[in-house]
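Below, in structure tokens: the form predicted alone, a single chain.
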Amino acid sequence: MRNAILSAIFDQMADIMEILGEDPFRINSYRKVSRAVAELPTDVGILLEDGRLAKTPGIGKSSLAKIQEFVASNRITAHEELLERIPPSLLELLHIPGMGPKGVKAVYEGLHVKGLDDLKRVVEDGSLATLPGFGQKKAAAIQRGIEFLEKSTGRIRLDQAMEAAEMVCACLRGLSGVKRVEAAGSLRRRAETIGDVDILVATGKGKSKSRTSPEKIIQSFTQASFVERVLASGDTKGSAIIQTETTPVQVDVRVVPAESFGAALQYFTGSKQHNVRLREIAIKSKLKLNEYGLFDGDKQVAGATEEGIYKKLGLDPVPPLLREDRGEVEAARSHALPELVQIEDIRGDFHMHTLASDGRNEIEQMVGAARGLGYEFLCITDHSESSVIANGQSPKRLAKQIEQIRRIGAKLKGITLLAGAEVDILADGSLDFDDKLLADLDYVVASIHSGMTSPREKVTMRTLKAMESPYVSCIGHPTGRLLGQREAMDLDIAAVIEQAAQTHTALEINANPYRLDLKDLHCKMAAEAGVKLAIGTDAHSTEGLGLMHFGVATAGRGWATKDDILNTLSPAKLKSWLRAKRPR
């Protein structure tokens, strides 16, 4: 998408300028433009043409002119001029853990390093360790970073990061003297992908012989059976590559005293932008905020808890899911933070597959699993016939399944079974089944499974037309992305949300960690437009129903409340909501 390309260009311009040691103010302004463009729901060209881009916070006149140039010519002269000032291969070094723009600047100017091969050479011959600001320890860390980069496939999915965190936390919680163990970083914020996993350990006071020292805690981590390679092991911090069932993950463990645990948890949870805002507020109050606490001079005035820090800064505590500098600080100051949807609010699941298509369990088994989760309703949504690879059902097979669902549902007590289908949206925007069959279903989730690389106008038209059907309850995984595997469709998400609002159609948050689609920013847009969000696990087994919490977290990151989520309705209210769109 054009927005993503433009965002990357501004970010790269900031990187190059930082390497060249240019004006920090301009560097920061380019970072802000990069982020603002990345979060735009509509193509920059459209926003530029109707004047809305000029009103977008973070985009000034100079940046606006560069965007205009890009839209007109697919290039930015200032970007090309910056690229000419450094060796192109120098930018590769920014992907190495521990090598930010300042580090790249140092090795470029001090050792004439122009790329990865040069960096390997100065590490191996020892000259990197002699460079001011580096030393043996940092040089060794960069060497490990090079090795990790060459083996790593990049950022990992949320579920993979959670698996790694659970392994490490379980190892540490059993140690004597450990009072609390928490995952921090982007994992705690439930970002859709994770770089590495941060774990914080709080220790109590005292010198009991049975108490495990911070150094011993780190050793217990680095010597654990799941550790593949130790990257660092010190008195209070350890870093290692651990092996989960699916992927290697870098995990960093820090031991902090209980009186600073809240400050450390806040600091290492981030995001960087959120933390900058808090530090600005602290400075204006003549206080100092860091990972050790909130200080008035040398006196710590808060730090044991996160809540204490926010309170001292005049803010309501901000949930970790919202700490992205997207208005949460202002909302916390004015006591206007939303009460985010919780997993306990969920009464049922809208998207799952059985043996009738490509699932692994019978309907009755899925119902049993749903009962175990305390659900009040469950909707069976096997694939339609165009999804041949997924054993999609023909109209005749679906008609028989509807009868089967009705028979099973009539015998159930305490849980309502809905007859649904995941129906393919075809190339012309029509649906895989005719209206007569669709009318027999309680719930229809319409999804695009083919032609995803088609132009923006094409995929958007298909989605908008599908919502015109009075029988389409929800659009499934609207952008079609698979994290780390497939880019999102070039969909006009603003137009889709507007159509959803006008046609009384829900938009899905697919809770599968490969998808998380809609993503958080789009969830916020939809909720603000009054569009209901339907969280579906897309489960293909009874175990898959347990993915619901990923969808709830994504909804929370999008500021969604209980009232925004279709899954929180009682069966009776849900049926009433579904009937509202259908012909009377």
Ligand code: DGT
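Don't overthink the numbering: it's just position in the shown sequence, from 1. As the structure is a computational prediction, the values presented were derived from the model and not from experiment.
One more form of this protein, predicted together with ligand DGT, exists but is not displayed; see below.
- Contact with ligand DGT, judged by heavy atoms within 4.5 Å in the predicted bound form, is confined among 349-357, 270-278, 363-371, 446-454 to 270-278.
- Contact check at 4.5 Å (heavy atoms) against ligand DGT in the predicted bound form: none of Leu417, Gly420 and Asp442 pass.
- Shown alone here, Ile194 lies within 4.5 Å of ligand DGT in the predicted bound form, counting heavy atoms only.
- Shown alone here, Ser186 lies within 4.5 Å of ligand DGT in the predicted bound form, counting heavy atoms only.
- Asp492 falls outside the set of residues with a heavy atom inside 4.5 Å of ligand DGT in the predicted bound form.
- When contacts are judged by a 4.5 Å heavy atom cut-off, Asp198 counts as touching ligand DGT in the predicted bound form.
- The single contact residue among Lys465, Lys138, Arg155, Lys288, judged by any heavy atom lying within 4.5 Å of ligand DGT in the predicted bound form, is Arg155.
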